[in-house]
Ligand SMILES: Cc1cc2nc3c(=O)[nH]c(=O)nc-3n(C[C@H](O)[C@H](O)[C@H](O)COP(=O)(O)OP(=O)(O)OC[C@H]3O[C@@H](n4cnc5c(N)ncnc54)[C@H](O)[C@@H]3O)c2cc1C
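Next up: a single chain in structure tokens, the form predicted on its own.
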Amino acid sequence: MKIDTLIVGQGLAGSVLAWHLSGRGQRLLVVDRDEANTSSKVAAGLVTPLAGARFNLPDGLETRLDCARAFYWKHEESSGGTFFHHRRIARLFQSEAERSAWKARLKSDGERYARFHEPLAIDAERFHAPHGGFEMKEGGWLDVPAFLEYTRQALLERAAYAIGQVKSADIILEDDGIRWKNVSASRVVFCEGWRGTQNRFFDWIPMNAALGDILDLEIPELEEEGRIISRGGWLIPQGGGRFRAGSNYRHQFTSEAPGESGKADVLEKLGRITPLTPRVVGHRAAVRPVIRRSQVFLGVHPAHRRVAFFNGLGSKGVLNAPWYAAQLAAHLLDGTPLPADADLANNHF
């Protein structure tokens, strides 16, 4: 089988990259383990433009946000489905320090921040908001499992998808490309999530994998609430009084299965958001591939130009994936330079 690009992993990174490369006429094969609980399939899919306690707006965020929305909406039109759910976010301050940090941001750069916020209206009997907050615009969540399944079906129709395990040790480097089993390709791109730590080509990239838990809840008293609520943790409305809540980061874990300690972590976070008692109807967990400060890294191996990496997109993966995948596609096919701060070639771990 002769193709242009072999993609290892059909999580969010692999799926988005597959669309960008196929849009450039590339012949692909995406090989995936087809596991039920991967970080992409369990992920909340949140898009929160103003994240963290300091409410930083990174350079280029507006460009990446606009690219992501256009990308997901384009595929909604193609599929007739709904993947991206635009929702405002009720961002509740956790402390007076957060409130002061927010006021300082508005004072120093209020014009740029104006796109992303409005005054907050919140029911103090249903939510904990002693320090106030604001309503974040331009946010929402991606139904990542639905998007992945849509992508998988599209790849199957093109005979470009296979269930399997690609071990880096089984990749044979050749002068004009790579070979894996009966597949010859011009290049291979590893998008394999936290298992990238076991990859012989990229085991030098520091990945601090973290197990995260998400709960499915019923809270009938909040049936009319349509916003995402955020205060340390988050609560995402699913309709009909159903919500998803999360999440935590457990860097020390012995099992990938959901456990009582993870459940307790999320419920503790939820207790900071609302005094209401939820009914837990589901619990999932998965391991995230977290790289240094959740920064995006991508590019080709410094010694093997036919081997590339696109992984560890972090908590802003839904927002960042489309734009960075487009940069990687242009780099692989046209030689266009990658963003310097994200290029593996410019980073010494």
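Start at 1 with the first residue shown and count on from there. Since this is a predicted model, take the numbers as computed values, not measurements.
What comes next is about the form predicted together with this ligand, which is not displayed.
Using a 4.5 Å cutoff between non-hydrogen atoms, Gln153 does not count as a contact of this ligand in the model of the complex. This ligand in the model of the complex is approached by Gly164, whose closest heavy atom lies within 4.5 angstroms of it. Glu35 belongs to the set of residues with a heavy atom inside 4.5 Å of this ligand in the model of the complex. This ligand in the model of the complex comes within 4.5 Å of a heavy atom belonging to Ile214. None of Lys316, Arg27, His283, His301 but one reaches within 4.5 angstroms of this ligand in the model of the complex through a heavy atom, and that residue is Lys316. Listed residues Leu57, Cys67, Ile291, Val287 were compared with this ligand in the model of the complex; Val287 is the one with a heavy atom within 4.5 Å. This chain is displayed without this ligand, yet in the model of the complex the stretch 186-194 from 130-138, 115-123, 186-194, 98-106 comes within 4.5 Å of it by heavy atoms.
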